[in-house]
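Next up: a single chain in structure tokens, the form predicted on its own.
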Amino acid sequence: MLHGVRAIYLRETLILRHKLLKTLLASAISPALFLLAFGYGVGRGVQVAGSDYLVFLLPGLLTMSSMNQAYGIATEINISRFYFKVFEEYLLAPIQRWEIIVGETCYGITKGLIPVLIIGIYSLLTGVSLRFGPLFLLALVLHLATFALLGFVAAMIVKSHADQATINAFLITPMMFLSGTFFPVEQMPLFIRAVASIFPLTYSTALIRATLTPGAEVNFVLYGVLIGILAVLFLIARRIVAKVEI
């Protein structure tokens, strides 16, 4: 049981070991630049919901950076599919098709944890107290699993790297800036709020920010929303894998 999941996860993590330094640098530099530009530039002295802007910004950087790493498995899967035919080997292997999905998703979760650790270090350096507890861990796993699955689905439906870039431009980039990562969604125009309500990052950012911010009230409905999104993405992924097999 789960032998396929372990095999796929082990393969991906072994590859990750060889590029760990690059992944660490990528996970560290981008949030640092946003922290300097927004936290100490635009947001200096600004209050959001009665708290310093840095308290608002750091959870947003955490969700944005971890989303990028979890979703980033899409590019790796595409390289494996287009050049090394690894996915075809998975289909020929004596494993269940859902194990391929779960194995890749677990790998995406692992990659997504790297920027979380880095943002934790940034919070210590900036003196911002974040509340890392069980509710945060549950929200984080749901968040990372959602975007790892989204990356898997995106990798399965594209036909080329150009298609992948198009998805990133029209989905991932707008999601990064319109989902409450840098500015409260409630303060945006009605049209932008309507667009933001489509993005799963809006819900995971709101939930993770609440679980990280001392004294903030956690909306447990958001856990159900993320679980629902996760279930839908998993069903879509299973259907796509079945069609690829045929």
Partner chain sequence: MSCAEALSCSGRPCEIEVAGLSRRFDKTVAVDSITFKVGRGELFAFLGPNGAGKTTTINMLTGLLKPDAGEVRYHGELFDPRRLNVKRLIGVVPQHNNLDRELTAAENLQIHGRLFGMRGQELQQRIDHCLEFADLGDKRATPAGKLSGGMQRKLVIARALLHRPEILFLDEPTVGLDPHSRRKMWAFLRRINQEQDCTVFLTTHYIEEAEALADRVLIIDQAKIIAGGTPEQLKKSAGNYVLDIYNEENIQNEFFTDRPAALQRLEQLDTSVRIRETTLEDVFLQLTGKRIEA
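Residue numbers count along the first chain shown, from 1. Bear in mind that the values here come from a model prediction, so they are computed numbers and not experimental data.
We do not show the form predicted in complex with the partner chain, though everything after this point is about it.
- The single contact residue among Leu117, Leu91, Ala169, Leu124, judged by any heavy atom lying within 4.5 Å of the partner chain in the predicted complex, is Leu91.
- Exactly one listed residue, out of Leu135, Cys106, Val86, Val128, brings a non-hydrogen atom to within 4.5 Å of the partner chain in the predicted complex: Val86.
- For the marked spot (Ala26, Thr110 and Arg238), a heavy atom within 4.5 Å of the partner chain in the predicted complex is absent from each of the three residues.
- For Ser160, no non-hydrogen atom is located within 4.5 Å of the partner chain in the predicted complex, even though that partner is not displayed.
- By the criterion of a heavy atom within 4.5 Å, Gln96 is counted among the residues contacting the partner chain in the predicted complex.
- Proximity of Ile227 to the partner chain in the predicted complex: non-hydrogen atoms within 4.5 Å are absent; the residue sits far from the partner.
- Not displayed here, the partner chain is kept clear of Leu20 by more than 4.5 Å at the level of heavy atoms in the predicted complex.
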